[in-house]
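One chain is shown next in structure tokens, namely the form predicted alone.
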């Protein structure tokens, strides 16, 4: 067994040297020990079925090729979950077993998904405050903001960020007791406790923790008894300076059929929201997801990522789902990653009205340029030129600002419209106009009028 363990340690080191840090940490960092070896098969324990599936889909052939560089006879790796390992132990004790690290089980009794970390959470303007707040809470639980209340629409990363807090705390102190639970599970646990009159077990589960993470608190609506129990737990944990993190699809003040003394306590600490990511942020999310899905981050051209990000703009979940669909479609059929194949892969997911709206918006770019140049009494060619006179520069900056506001174009795309200007010039121009609007009421009034003329709803 020692021989196989040494080989696995060497392979892990090779993986660490060749893979992106995020990919290595998510997939292989947690796989420490060889579980058993039988019939030339080396068993490794993956933290969960999600990681197991990803290793099998994208890395197993590579692992087996690396393995057989060290052995004279052909061997294979087999990935199993900790649950499957437990079943193997129960069935037989005849195998030579290298028992996993002692705290492995305790780490996964928390309800947490260990792939949710701050490292793979993509930060942008829509979630920066929530991210920073969660980081501070994770660093000083029970001190900075208690409770931390995170709200926003479905699929924007609330659960991911909440679990980042729990995983970070456990990573830095394995003795901390962290519990993540969805609200519907809390309600079900209480119903079972009431049925069996096992309230002590129920209380012990939820009160004997250092960190309580409760997802989708809005589902407590109308559940009076569950609300009363949650109120008691909240009070006890808060008095003991135990950290509470809550997520919801709306601000605490807008929760309905939940007792006011409970919603008021949700507002005691810090409330932060997560909004829909803009186009640049969505592209960054896709790039990060691609790194996690494949060992080749350049597998899909940026033009396809831009295409996906421009279509799927509602939430992160559907955005990532679209990427996976394109990845699977082209890989399964051995097609090239082209816009045409991406369109084919996604055709059943794309709302035709959304596409036609995007096309309509594209045709209106020139309309914006015409309106702005006419308003400032210059020609469109002067607006697009590289002339540096103030009479041209300011309207040009205004045009860039309006294109960004109305169409959520990338800085690169706006730069292309203006004779391939560098994206840093575009960023500076847009920020300059935003600052001018804050300090100059006349300029703000003019630009607000132009926005309405160009299509913004009044």
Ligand code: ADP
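Residue numbers count along the first chain shown, from 1. Here the structure is a predicted model, which is why all the values come from computation and not from measurement.
Just so it is clear, the following notes concern the form predicted in complex with this ligand, a form of the same protein that is not shown.
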For residue 157, is any heavy atom within 4.5 Å of this ligand in the predicted complex, or not?
-> yes
Heavy atoms within 4.5 Å of this ligand in the predicted complex: does residue 320 have any?
-> yes
4.5 Å heavy atom contact, residue 289 and this ligand in the predicted complex | yes
Can any non-hydrogen atom of residue 307 be found within 4.5 angstroms of this ligand in the predicted complex?
-> no
Non-hydrogen atom within 4.5 Å of this ligand in the predicted complex for each of 133, 138 and 243 = no
When this ligand is placed as it is in the predicted complex, which of 70 to 78, 222 to 230, 312 to 320, 326 to 334 ends up with heavy atoms within 4.5 Å of it?
-> 312 to 320
With this ligand left out of view, choose which of 122, 181, 145, 255 has a non-hydrogen atom within 4.5 angstroms of it in the predicted complex.
-> 122
Go through 207, 83, 188, 153 and name the one with a heavy atom inside 4.5 Å of this ligand in the predicted complex.
-> 153
Are there residues in 253 to 288 with a heavy atom within 4.5 Å of this ligand in the predicted complex, and which are they, in order?
-> 281, 285
